[in-house]
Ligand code: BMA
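Read the single chain below, which is given as structure tokens and is the form predicted alone.
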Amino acid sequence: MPTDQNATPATQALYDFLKRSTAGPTLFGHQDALAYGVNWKDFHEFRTDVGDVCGQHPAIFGWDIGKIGPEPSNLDLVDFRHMRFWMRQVFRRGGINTVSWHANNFMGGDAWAVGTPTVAAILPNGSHHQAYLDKLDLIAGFFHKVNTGPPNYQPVPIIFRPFHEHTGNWFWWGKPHASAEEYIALWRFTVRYLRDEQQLHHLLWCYSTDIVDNEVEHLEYYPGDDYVDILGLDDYHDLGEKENTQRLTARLRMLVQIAESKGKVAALTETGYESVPKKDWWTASLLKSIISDPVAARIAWVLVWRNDNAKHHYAPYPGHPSAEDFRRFADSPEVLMLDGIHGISEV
């Protein structure tokens, strides 16, 4: 069961599906896949770059709510109204939505504005706590509007992945800028406020580190089993220029073992190789890292980052050098795309 005892039936069904997915195959995900691709942007069409390449869409669709509130669009210029529409379409087609949050620093600057004790400041009794409450209210308003539409307007399940990569030093909530006690207090407060005060019962909570080498590092900032549904890993390091597939496999094996010991789901929540310069990267690097160990292969999904332009992209588009290898990847029995999803109960 999800940690939220009042989770909606659709959210419970999604969590059950994710737990069953550990038996394979691994779901494939892509960030902002419907919002734009290389050399296109179209609100009206259900289109993805990988769909153009292989005729199959991702099973997992990643979104981000950075800059929610002051701007009509997020940090990557995705309109929030359009985002809600796409999330609804994903759910109607049987897909899964996951949302990250590159939150602006509440003491000034963006998510990468580090060096300030922001986490302590936004906790209860902190100098910026009210500003944090105001932001959570905006997020709650957004999530409440992610629903199935007429006639029933039932909430669409969302995997929420806030305060990710905290084991690194590049975000204001990262390890050098907040103690484990502060991070845990912030996570637990956020869960309780959105779940209990704002009555959001269609969220699954994903705790996602950057690369770590052992269980102690992974769990140092862990908020507790009552506040986490999914254990994630973000790892660009082992699949990029200095590729080490064996090291990634070992990290995934460790992640799965930790998650299963707690009755949780494990996922490779972000990865990729910018521009994918290696023609056989999908099968010889990514897929190899996952399936070469039977424990590591029990991750529920893998998500690669967004396709912004011909230089900054993480998935193929028509004519890309890795397109043929991606077709082999998508057709592999170890990989699940959108059309292959069956068994998630509909609202």
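Residue positions are given as counts along the sequence shown, with the first one as 1. Small disclaimer: the values here were computed from a predicted structure and weren't measured.
Although not depicted, the form predicted in complex with the named molecule is the subject of the following passage.
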{"query": "Contact test, all of Lys19, His218 and Glu260, partner the named molecule in the predicted complex, heavy atom 4.5 Å", "finding": "no"}
{"query": "Contact residue in the predicted complex, chosen from Leu75, Val114, Ile211, Leu136 - any heavy atom within 4.5 Å of the named molecule", "finding": "Leu75"}
{"query": "Single option in His57, His320, Arg298, Arg306 placed near the named molecule in the predicted complex, where near means a heavy atom within 4.5 Å", "finding": "Arg306"}
{"query": "Answer range among 116-124, 227-235, 90-98, 75-83 for contact with the named molecule, defined in the predicted complex as heavy atoms within 4.5 Å", "finding": "75-83"}
{"query": "Distance check, His312 to the named molecule in the predicted complex, heavy atom within 4.5 Å", "finding": "yes"}
{"query": "Heavy atom of Arg247 within 4.5 Å of the named molecule in the predicted complex", "finding": "no"}
{"query": "Proximity of Arg195 to the named molecule in the predicted complex, heavy atoms at 4.5 Å", "finding": "no"}
{"query": "Arg188, heavy atom within 4.5 angstroms of the named molecule in the predicted complex", "finding": "no"}
